[in-house]
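Heads up, what comes next is one protein chain in two forms, each shown on its own as structure tokens, labelled structure 1 and structure 2.
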Structure 1
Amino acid sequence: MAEVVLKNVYKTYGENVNVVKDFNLEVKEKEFIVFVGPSGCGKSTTLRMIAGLEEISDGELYLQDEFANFLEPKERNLAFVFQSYALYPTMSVYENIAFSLRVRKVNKDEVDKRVREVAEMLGLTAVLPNRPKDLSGGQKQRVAIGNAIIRNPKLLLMDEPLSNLDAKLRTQMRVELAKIHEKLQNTIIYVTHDQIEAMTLGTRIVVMKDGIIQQVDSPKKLYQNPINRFVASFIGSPSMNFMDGRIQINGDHMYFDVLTKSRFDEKSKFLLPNKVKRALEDRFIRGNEAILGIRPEKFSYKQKSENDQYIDVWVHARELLGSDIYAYFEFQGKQMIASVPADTEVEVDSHVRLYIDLTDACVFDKETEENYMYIDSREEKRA
């Protein structure tokens, strides 16, 4: 049974400001779905339409196979965790967690039992008598989650629940959220603008831009098989590097000729591997113009295979991040990042030859920015 189905859903403000456009999604039971995208792309609006806090302008919403466009929020049997937590300031933590049971007139002993269970699970037992204003950010966050899960709702909606926490707490809560999902086995739809959160939490990720779904896929597939330049640059950290250039065919070989700024520049013509060549061969590419996308970890200080291409660059900064070093360099007027293992000798302000593994490179259309390398898994299955 599908938990949530959205069919051609639109949200329109005023005359024709479409904040969400033609949104189609089917969420199955026990999935952990993440909506991700830059801020203002309509994630919250979509989530609020599912919760019934925002009217659906056009399209259909089904909850547990029931047409739900016009159901009141309380009839939808779901819970919502707000970005601002929305704790009731006049109530104690205990009452905040108990609220949804209280308004349903559940008997006192039952309420007490469940509140203590949830408090135990979230480490809130000590602060149960406190007011929300006396809590730290992380504790407030837990209270909001406690209130949401005490009814054990089948569907749990969360709107950027971790965005107000500091980095360390965020990582910690991320792990706990994953545990909670594991334990409660409910369906979660989770909104975030942070692609790391999306990648670590989601079983499926919905990437959005300007109110339109770009791609719905598992974290791994999104990373390996982005549908267009936006998804490719949004997913993955540090972001994918892009080079403008032309596809050239020379006999049996296919090359990517990087658009050069000055004529006497570094080597700027790459031999494309067979995988890429095959994908591009029978495509019409207007003016042969394209964009080459290379993940930072595909650069290397050492040559790993004889098919590796290379560029000579000037490294002007580096960052050490535990197991990796990010080397910042400029290539053909563009800032780029290489991510190399921490044992590499990366010297700042020095000339370096960087080897590039192009096997998994992406090639994007210059105009539409779609990825020529994208493989539609649905088509794959059908074939």
Structure 2
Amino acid sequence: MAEVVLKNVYKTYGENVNVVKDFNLEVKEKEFIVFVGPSGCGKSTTLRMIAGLEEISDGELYLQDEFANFLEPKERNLAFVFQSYALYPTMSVYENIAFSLRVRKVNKDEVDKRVREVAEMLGLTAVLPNRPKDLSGGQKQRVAIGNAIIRNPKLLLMDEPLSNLDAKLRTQMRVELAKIHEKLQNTIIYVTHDQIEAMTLGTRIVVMKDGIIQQVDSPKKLYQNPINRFVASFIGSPSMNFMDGRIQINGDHMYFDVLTKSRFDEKSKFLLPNKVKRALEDRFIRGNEAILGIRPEKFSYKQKSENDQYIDVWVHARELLGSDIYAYFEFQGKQMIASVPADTEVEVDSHVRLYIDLTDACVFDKETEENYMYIDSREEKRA
């Protein structure tokens, strides 16, 4: 049974400002759904419409098969975790967690039992007497989560709950949130602009841009099978590299003819693997310009075979990140990144030959930016 259904939902301010456009989504019970996209894409507005904190301008919302457009927030059997923690400064941690139960006049002994269960789950038992001013950022966020989950809501909504934490705490809290979801088995809809949070937490991810859903899929499929250039660039860290060129056919072979110095150079051609060739044969218009997408980890300093494709570039910067090195270089007037093992000898201000694995490359239409390689998972199932 679907826990949340949004049908053709719009949010409009004034006469012409459409923040969310034709939003359609079914969220199943026990899913961990993540809305991700750049600031201003409408993800938080959509979450607030589900919560009843924003009115729906047009379309339909169903919560557990009940039409919910006009239900008050308190009637929706959900809890909301805000970015700003929203704790009562004059109350103790215990009182903050217990607040929602006390408002509902739950028995005192039952309140005490549930507060202590939640505190133990979140590692807050030792700080129950403390006030928010005495807590770290991570502890404050856990108190806010405790206040939300103590009522065992069927639906938990979270609006960028980790954005105020430092990098180490964010990593810790991601693990805690995954544990909470595994233990409680409730439905979570989570908003973030951080694609790493989206990839590590979500069972499915909703990628949004300009109020419109671009793609809904599992983290793995979003990374391997993006529907367009925007999704390909937004999902993955570092971001995908893009090269301009066009598709050419010579006999049985298919090539990506690279655009260099504002012209197509006969010496700069990549022979496309059979996997890419098969996907492109029925989808592209021959001779038209296209965009080749290459993940940073698909570059290598080592040649694996005589037929390896390569480019000669100048490395102008590098970053060592433990097991990997990010080598920054310029190609076609754009900065690109190669991710190589940390034991690779990468020198700044050096000219190098980078070999490219094109097996899993993406090819995008120059005009629409749609991915020719995209395979609709529904088509896969039917096949």
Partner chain sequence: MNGKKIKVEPYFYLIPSFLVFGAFLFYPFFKTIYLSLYKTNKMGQAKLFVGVENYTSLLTSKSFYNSLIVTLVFVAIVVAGSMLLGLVTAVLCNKAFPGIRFFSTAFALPMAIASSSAAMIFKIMLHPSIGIINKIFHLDINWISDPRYALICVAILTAWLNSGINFLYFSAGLSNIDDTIYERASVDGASHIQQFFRLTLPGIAPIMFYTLVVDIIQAFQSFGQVKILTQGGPGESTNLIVYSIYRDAFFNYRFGSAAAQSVILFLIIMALTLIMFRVEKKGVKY
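Sequence positions of structure 1, starting at 1, serve as the residue numbers. Superpose the two forms; the largest set of C-alphas matching within 1.5 Å is the rigid core. Predicted, not measured: the structure shown is a model, and the values here were computed from it.
K.L.:
Choose between structure 1 and structure 2: indicate the form predicted alone.
P.N.:
Of the two forms shown, it is structure 2 that corresponds to the form predicted alone, while structure 1 does not.
K.L.:
Aligned on the rigid core, do the two forms place the Cα of V111 2 Å or more apart, comparing between structures 1 and 2?
P.N.:
No, shifts by less than 2 Å.
K.L.:
Taking the rigid core as the reference frame, tell me whether I212 has a CA displacement of 2 angstroms or more between structures 1 and 2.
P.N.:
Comparing the forms between structures 1 and 2, which are aligned on their rigid core, I212 does not shift its C-alpha by 2 Å or more.
K.L.:
So, superposing on the core, is the move of E297 at the CA at least 2 angstroms between structures 1 and 2?
P.N.:
After core superposition, the C-alpha of E297 moves less than 2 Å between structures 1 and 2.
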